[in-house]
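As structure tokens, one chain now follows by itself in the form predicted alone.
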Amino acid sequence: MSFEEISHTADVKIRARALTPDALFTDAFLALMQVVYGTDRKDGITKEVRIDSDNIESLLCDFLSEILFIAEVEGLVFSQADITIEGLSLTAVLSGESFDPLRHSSGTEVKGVSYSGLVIEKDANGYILDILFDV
């Protein structure tokens, strides 16, 4: 897990670094779950998600937005994701548990994933991502 929270005036800004797009998306997913639910998240329930998109930035935003939707509607909190990206298609097998208000209420509500300031770049060391979560 290689992500950090970067100071931002109104929202939560995350910077992640990874060797592959799959790992970069996994770090963004883990950052989102940590921001919303804290670090006390366990396994037990498995869910598969498939997303297709027009570009890599949309693929990431669509994926994270789908995670927020599933978490809210189905009352699930995810701890892990096995993500595979092929072209502009993503498959993720998510592991998590049912929401427990005693353990999962310490985070910050994220209303959405923003395209504003979204950057995915590749350099000699792998990939870097800057993303904003609207709170």
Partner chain sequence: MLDGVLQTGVNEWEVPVGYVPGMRVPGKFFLSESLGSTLETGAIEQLANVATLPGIIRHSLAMPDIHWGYGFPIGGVAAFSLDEGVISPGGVGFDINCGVRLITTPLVQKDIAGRRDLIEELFRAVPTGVGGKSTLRISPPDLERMMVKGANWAVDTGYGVRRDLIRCEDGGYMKQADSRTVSEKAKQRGVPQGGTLGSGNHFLEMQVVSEIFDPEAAEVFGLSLGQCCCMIHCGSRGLGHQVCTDHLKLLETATKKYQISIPDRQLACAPILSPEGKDYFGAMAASANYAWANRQLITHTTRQVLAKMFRLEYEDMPLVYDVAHNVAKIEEHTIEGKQQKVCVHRKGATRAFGPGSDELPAELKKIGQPVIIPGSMGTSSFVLRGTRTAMEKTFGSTCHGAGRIMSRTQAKKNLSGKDITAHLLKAGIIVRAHSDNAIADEAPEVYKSSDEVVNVVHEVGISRLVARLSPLGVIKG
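Everything numeric here is computed off the predicted structure, so don't read it as measured data. Numbering follows the first chain given and starts at 1.
This protein has a second form, the form predicted together with the partner chain, left out of what is shown; the following refers to that one.
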{"query": "Proximity of S106 to the partner chain in the predicted complex, heavy atoms at 4.5 Å", "finding": "yes"}
{"query": "Heavy atom of D40 within 4.5 Å of the partner chain in the predicted complex", "finding": "no"}
{"query": "Proximity of N125 to the partner chain in the predicted complex, heavy atoms at 4.5 Å", "finding": "no"}
{"query": "Contact of D11 with the partner chain in the predicted complex (heavy atom, 4.5 Å)", "finding": "yes"}
{"query": "Region of this chain that lies against the partner chain in the predicted complex, out of 41-49, 62-70, 85-93, 24-32 [heavy atom, 4.5 Å]", "finding": "62-70"}
{"query": "Neighbours of the partner chain in the predicted complex among 115-135 [non-hydrogen atom within 4.5 angstroms]", "finding": "Y115, S116, L132, D134, V135"}
